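Take a look at this one chain, the form predicted alone, written out in structure tokens.
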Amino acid sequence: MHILFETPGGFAIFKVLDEGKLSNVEDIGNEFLTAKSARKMVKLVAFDKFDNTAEALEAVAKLLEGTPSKGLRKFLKANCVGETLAVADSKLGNIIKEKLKIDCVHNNAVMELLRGVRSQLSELISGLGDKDLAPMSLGLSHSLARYKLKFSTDKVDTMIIQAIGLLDDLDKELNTYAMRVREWYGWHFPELAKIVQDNILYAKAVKLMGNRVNAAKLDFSEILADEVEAELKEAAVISMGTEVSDLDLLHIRELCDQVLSLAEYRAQLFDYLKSRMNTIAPNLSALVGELVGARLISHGGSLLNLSKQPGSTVQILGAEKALFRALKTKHATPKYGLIYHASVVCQATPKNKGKISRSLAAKVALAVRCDALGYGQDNTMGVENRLKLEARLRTLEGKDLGRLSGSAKGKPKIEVYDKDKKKGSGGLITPAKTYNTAADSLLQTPTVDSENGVKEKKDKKKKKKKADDEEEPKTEEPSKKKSKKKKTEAEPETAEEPTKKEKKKRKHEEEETEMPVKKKERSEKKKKKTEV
């Protein structure tokens, strides 16, 4: 049995020396623990070295597709005719068996053999060390990665860039021509501009009508609604416009033809742009729409260049002037650029536009990378991300409170606390409380009698204090006599004399009590004088 082994430096064929050991698959790995045991198990028969990196890349690319290259076919014919060949890929083995008539084997024992050969590769192949294999494998992996990024002719984004540029130019020309028609024909029929707001319908009506005198005889049902048609005919009768010659009307009608032809071509170009966007960038189109997606690609330069940009750059793409102006003047930087015109951002309130544009930019960056570097032509990723963004927008707007991002389980109801509200039902335990006016306390102005009563109470308190002060010195006299007899003994505990502060307070209180009495006497004298 021979083994086909692929290395970064070329193809190698080993011969199995002891096929009896292949019956025990678990013990095959033990045979490759050392270089000596590995040499007893397998032996190198032939080695086909790659001449350059291009040849190695071609051979490996063919192997990935499951087909042998020309060099591998010649190598196998020269060394494996009449032998069974162990291969790592069953698909490759079937093709070798069909084309080269060589029996191929692929099972668990073969995979263990290949694993063992890989572990002792530098010992089994003389002149091929680990230092040589490392740069070979690195260079081949880089070349293979570049080769895998195939760009099909269907994904040529230059057509999108040209189409969106032409579409913007057509919009400008259409607006210019339409405004010229309105201004020119407005001299003859000025009321028509207010009746018909749409530029295309205005051009069609002018082309059909010509002179406003013909409006009453013509049928505008194919162009305008019945109400608008009736209003137009009424206005044509009482119009204040000037008269226009037939030559002038001829040129106005030719200008209307130009407007209509440009509008028709614009519609065709838009359909073409939609089809190209759905082919080249389906996920981006599903997220932001065809027009916004095409403008992003055009502004980025290409789909591949746009895929290299992070989400923060995609978010402000198209607002570079505002960004640098804000950085220069140290003001707030813009939150969105071209992405502002996406339907998801337009649906958000001004408060949440920044948040939703940041989320949308992150999803757009992922979608563009999937479109630029992916093989699929499916837009499932874009549709799923759009649904997630719409759900996030609902949570930000407060339409779906309680729902967590990423989980739909459990929606707790957020209610306002009310201590009087029952837990089970929505009624109240007690009726609504009313204001009790009877519990109000009113401030009354003091009368003369109440003042007299207050004064009498104060006088009684002062008399009691005087009586207490008089009793205190009487108790002090016997204590003084005892102190003379017993000088060695401690002084008895007696009430101390009033301090200066207390004396001042008492004088102040006496003066306050005397003042109202004097005032009262004066008021009585005045009353007597008035009576006399």
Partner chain sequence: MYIIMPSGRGGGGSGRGLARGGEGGAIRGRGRGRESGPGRVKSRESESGGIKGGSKVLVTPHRHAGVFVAKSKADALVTKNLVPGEIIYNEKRIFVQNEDRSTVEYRVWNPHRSKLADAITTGVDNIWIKPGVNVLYLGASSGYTVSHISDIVGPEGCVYAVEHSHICGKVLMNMAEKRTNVIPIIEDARHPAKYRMLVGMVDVIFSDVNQPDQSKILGLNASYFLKSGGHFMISIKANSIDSTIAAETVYQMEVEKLQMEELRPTEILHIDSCEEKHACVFGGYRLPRKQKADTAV
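Positions refer to the first chain, counted from 1. Please read these numbers as outputs of a predicted model, since none were measured by experiment.
Below: the form predicted together with the partner chain, not depicted.
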Subject >> Option touching the partner chain, based on a heavy atom within 4.5 Å in the predicted bound form, out of Arg146, Lys351, Lys99, Arg73 >> reply: Arg146
Subject >> Among the candidates His251, Lys77, Arg115, Arg180, the residue which, in the predicted bound form, approaches the partner chain to within 4.5 Å (heavy atoms) >> reply: Arg115
Subject >> Stretch in contact, per heavy atom within 4.5 angstroms of the partner chain in the predicted bound form, of 265 to 273, 311 to 319, 105 to 113, 212 to 220 >> reply: 105 to 113
Original post:
Given that the partner is absent here, does Lys194 sit within 4.5 Å of the partner chain in the predicted bound form, heavy atoms only?
Top reply: no
Subject >> Gln258: touches the partner chain in the predicted bound form, heavy atom cutoff 4.5 angstroms >> reply: no
Original post:
Using heavy atoms and a 4.5 Å limit, would one call Val237 a contact residue for the partner chain in the predicted bound form?
Top reply: no
Original post:
Any of the heavy atoms of Leu387 lying within 4.5 Å of the partner chain in the predicted bound form?
Top reply: no
**OP:** Would you mind checking 57 to 71 for residues with a heavy atom within 4.5 Å of the partner chain in the predicted bound form?
**Re:** Val60, Leu63, Leu64
